[in-house]
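First, one chain by itself: the form predicted alone, in structure tokens.
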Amino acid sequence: MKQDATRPPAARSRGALVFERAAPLDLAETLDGGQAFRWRGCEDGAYVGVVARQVVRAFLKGGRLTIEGAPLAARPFWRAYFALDLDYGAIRRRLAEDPALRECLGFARGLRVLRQEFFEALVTFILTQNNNVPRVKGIVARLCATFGDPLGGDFEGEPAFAFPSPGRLAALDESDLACLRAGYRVPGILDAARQVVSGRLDETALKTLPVPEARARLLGVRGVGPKVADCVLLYGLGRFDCCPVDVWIRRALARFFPDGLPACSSGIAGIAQQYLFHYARLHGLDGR
């Protein structure tokens, strides 16, 4: 069977994966921007994270990305995760054809949209509803520590755990998840797990179906609205044509693009959205 590059291989030998030409990439802009919740910044500028059952340390030097602790055979996975297979220089030049987008690009020169694991993205973005990033990170940490497999590694001085599998969560009930302190989001987590286990939510199908049909299937999960569905499509399924709209994007669109995103963002609206999101938060757009 052909190896899927988006799936991490079994850990055999571990070392340092080096990607020589990773620019433009800024780890802080990318990993602290609210699209991923299992990374922590270090004082030396590196980031440690738990991704796809791998405890890794990532850092940049001279345009070179180094990922320590990953299986050596996981190179295709990490290349896809950080979207190093995309020509972000060309993407930025294309988006810069619009003057307003050009201004936004200037404030996030190394921002990239990650390709994350589908089920983790589904659950974590359910948790983002009416929530903030630090609190989501806390809930995710408790979820993994309680129901995830121990990985035998160290996550910034704490034991490392894998993200729980759909089957593990599907077998639980709401009382089991009370320890997470996730409130009304708990039924959505359980429903998402059960729909994945049942096959109603199939990752392969969601990657290939027309966007409206894929979105409709995600909207069938309890507690998933249009914004969360589009976040899952973008961050968990690599559908770069999807543009999640939250309060920040709504304000940015009202200010810059009341008639919708410009033609230069066609097919990559999700990437354009990430630059808009960063700009809107950085400038505190208040809708006026």
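A quick note: this is a predicted structure, and the numbers were derived from the prediction, not measured. Position 1 is the first residue in the sequence shown; the rest follow in order.
From this point on, the text means the form predicted together with the DNA, which you will not see here.
In the predicted complex, no residue of the candidate spot (Val18, Phe82 and Phe107) has a heavy atom lying within 4.5 Å of the DNA. Residue-level contacts in the predicted complex: of Gly69, Gly238, Pro262, Pro244, one residue has a heavy atom within 4.5 Å of the DNA, and it is Pro244. Only one of Gly183, Gly153, Pro76, Gly167 comes within 4.5 Å of the DNA in the predicted complex through a heavy atom, and that residue is Gly183. Stretch 226-234 is the answer when you ask which of 47-55, 24-32, 61-69, 226-234 has residues with heavy atoms within 4.5 Å of the DNA in the predicted complex.
Using a 4.5 Å cutoff between non-hydrogen atoms, Gln195 does not count as a contact of the DNA in the predicted complex. Contact annotation: Arg222 falls within 4.5 Å of the DNA in the predicted complex, judged by heavy atom distances. For Thr146, no non-hydrogen atom is located within 4.5 Å of the DNA in the predicted complex, even though that partner is not displayed. Heavy atoms of Ala205 never reach within 4.5 Å of the DNA in the predicted complex, leaving it off the interface. With contact defined as any non-hydrogen atom lying within 4.5 angstroms of the DNA in the predicted complex, the contacting residues in 129-145 are Gln129, Asn130, Asn131, Asn132, Val133, Pro134, Arg135, given in sequence order.
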